[in-house]
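Next up: just one chain, as structure tokens, the form predicted alone.
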């Protein structure tokens, strides 16, 4: 049986109002609704990623505050799914969707506890969550109503914490890494960037959306792709380079690999 994410009850507890929907063409409302439905599922599924970090944090022997911070992030991702469900209902949709197969979090059996943890933290916080901060911040600026800005503002506040967690942990443990570990992490970055490019490349196939559709949360493909590239090249790569990781070279290799596929 396919598992189902059903957030209808949670969405009804605190209904969201989006004024002016009647003036938005049906196809533009539909584009926004599809995006919010997809986001509802992805936010819910993201909780498992942070849950998988807990035993790795403990195995690596990092400070208790880091374990506590990530524990809180699990609940925050689940809360984001409910926020998205409220928007789905406000746009006329049903906050009930099948859950897609959940991909396994890499086991990193070829790495020690700290190196395995840093692989995940770089991928999740320094890449995915850092890009999410930029994307959600852009969406909040473009949101057409106070209610949507409020939802996106709550999500953004948590995404900032999720991104900063990784950078702070890297600041803390980065100076202790030996040259061999830095070289291994640099090599692993190719796979990290390949995943990021593959995950965001669907933006390239999306058309530009109208301002009205974007104001409701419909994605604008070309704009979102630019935000992704600008964030990776302007924030993530320089940040990793400061810690002695060869991120720029890894991104070039990842880009070449994806384009050649």
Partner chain sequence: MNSTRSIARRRGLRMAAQVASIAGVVAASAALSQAAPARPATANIAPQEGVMLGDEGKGAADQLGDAIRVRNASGCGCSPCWGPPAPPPMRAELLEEGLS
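What you are looking at is a predicted structure, and each value in this text was computed from that prediction instead of being measured. Positions refer to the first chain, counted from 1.
The same protein also exists as the form predicted together with the partner chain; that form is not shown, yet it is the one meant from here on.
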Has each of 71, 91 and 96 got a heavy atom lying within 4.5 angstroms of the partner chain in the model of the complex? no
So which of 169, 82, 177, 190 reaches within 4.5 angstroms of the partner chain in the model of the complex, heavy atom to heavy atom? 190
Taking the partner chain in the model of the complex as the reference, which of 160, 173, 146, 78 has a non-hydrogen atom within 4.5 Å? 160
Residue 137 near the partner chain in the model of the complex, any heavy atom under 4.5 Å? yes
Contact flag, residue 10 vs the partner chain in the model of the complex, heavy atom cut 4.5 Å: no
Heavy atom of residue 229 within 4.5 Å of the partner chain in the model of the complex: yes
Does any part of residue 238 reach within 4.5 Å of the partner chain in the model of the complex? Heavy atoms only, please. yes
Can you tell me which bits of 109-139 touch the partner chain in the model of the complex, meaning any heavy atom within 4.5 Å? 110, 119, 120, 123, 124, 128, 129, 130, 133, 134, 135, 137, 138, 139
